[in-house]
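Only one chain is shown below, in structure tokens, and it's the form predicted on its own.
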Amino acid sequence: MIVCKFGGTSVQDADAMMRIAKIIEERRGLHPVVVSSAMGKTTNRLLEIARTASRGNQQAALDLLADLEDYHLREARKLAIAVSEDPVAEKINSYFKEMRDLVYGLSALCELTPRVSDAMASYGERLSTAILAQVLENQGIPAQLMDARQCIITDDQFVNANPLPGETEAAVARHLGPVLRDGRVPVFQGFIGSNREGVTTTIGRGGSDHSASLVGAALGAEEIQIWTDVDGIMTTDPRMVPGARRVKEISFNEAAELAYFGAKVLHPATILPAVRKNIPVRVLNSFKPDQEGTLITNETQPCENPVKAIAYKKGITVLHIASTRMLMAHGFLRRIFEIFDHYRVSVDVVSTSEVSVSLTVDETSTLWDLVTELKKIGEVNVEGSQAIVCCVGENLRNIPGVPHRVFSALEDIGIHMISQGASSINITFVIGEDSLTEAVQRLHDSLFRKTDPRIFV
């Protein structure tokens, strides 16, 4: 059994869904489970509709919603599945009626709560899977539309809910097991779940990958396939470096590090359930289904190139916090991170000296509240428009000369923070965002001038 997750671009229109039907048909013998994202940019559009309504702009929100409804019905009609009295059309119409009711409520209350935001966002995946399940049926593939909210059981942290592993695993096996035994293809929503009380939640942006990994882990899948619009994991972003190479295989640890530090192919949490069950993950291109993509496993063969890939994050803010009392007084670090914990702000890179701490954040919605609290324990300087660059490869810490190669390529670019010792597989540093493109291009030229043909294409 395999799990096939399809991202938004892979289900964005009628042509894309027909490609998926062919991909699933070719894998029928592997007993696939389909996990789908919303069509195209539907989730963004739904959230914009909710925000517009909550600002009291009811008619504008209804107009946006009508456009979204036309989009779904138009693509469904191209597939000949949303005509008069068609059950899929009825389902689409009922979903949009529910969303219009939400718009009326939001425009009356002028308040968008995380719970209502999740309710609105959930319709994207519910719409796409309703259409996709019928596409498979029409192509002669027995399919069963599932409700992920019965299977992905989460805590109450709306907008970024955490799945509860034990309860989720039991629910997935209970609901999907019989469908697979009957020879049908389960069609399952990514991104959404529900709390123990049955209230709809979402598991964070990019969470469809996580959903696929949870399903695969619960069912003991042979492989989890992440179908997207790129050829696999690349040596760096090909939009920045046109000569970027595809990585044939990479370790779980390397892929997780790349995902965390900005590689868009995978959601960071995707890796965890697969790692625990030692299930390989393969990243594939739904527009080029014959390519082998990138295989992610626990162990990979040795590579002549010490660095497998370069990731980056833009829009980074650096906070410099200096103790105003004795040098690194007892409890100073603890108090700093307690404040970050209170505001639920994650830190990417940390550097310390005797009297100060520098750290990076990419979540700035509560930045000034955070800074206000930090000023109670020290002097705080804020530096915006920064970027993190991360070079990832197995056992980098123990390979002589790699830091020299990295920083020689950047000898005239100002580097504000460096971190290596915290991980054996990455070298991470912070630079000004205006230097990012040049830095990544130089690094790629230096580190991938020659590539190991066993690992790179």
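Predicted model only: the values in this text are computed from it and were never measured. Throughout, we count residues from 1 along the sequence that is shown.
What follows is about the form predicted together with a small molecule, which we do not show.
At a distance threshold of 4.5 angstroms between non-hydrogen atoms, residue 43 is in contact with the small molecule in the predicted bound form. The small molecule in the predicted bound form is not approached by residue 280, whose heavy atoms all lie more than 4.5 angstroms from it. Interface residue remark: residue 208 is counted as part of the site for the small molecule in the predicted bound form, having a heavy atom within 4.5 Å.
Within 4.5 Å of any heavy atom of the small molecule in the predicted bound form lies no heavy atom of residue 388. Contact with the small molecule in the predicted bound form, judged by any heavy atom within 4.5 Å, is made by just one of 254, 125, 249, 118: 125. When the small molecule is considered in the predicted bound form, only one residue from 406, 430, 38, 61 comes within 4.5 Å through any heavy atom, namely 38. In short, of 271 to 279, 359 to 367, 72 to 80, 199 to 207 it is 199 to 207 that has heavy atoms within 4.5 Å of the small molecule in the predicted bound form.
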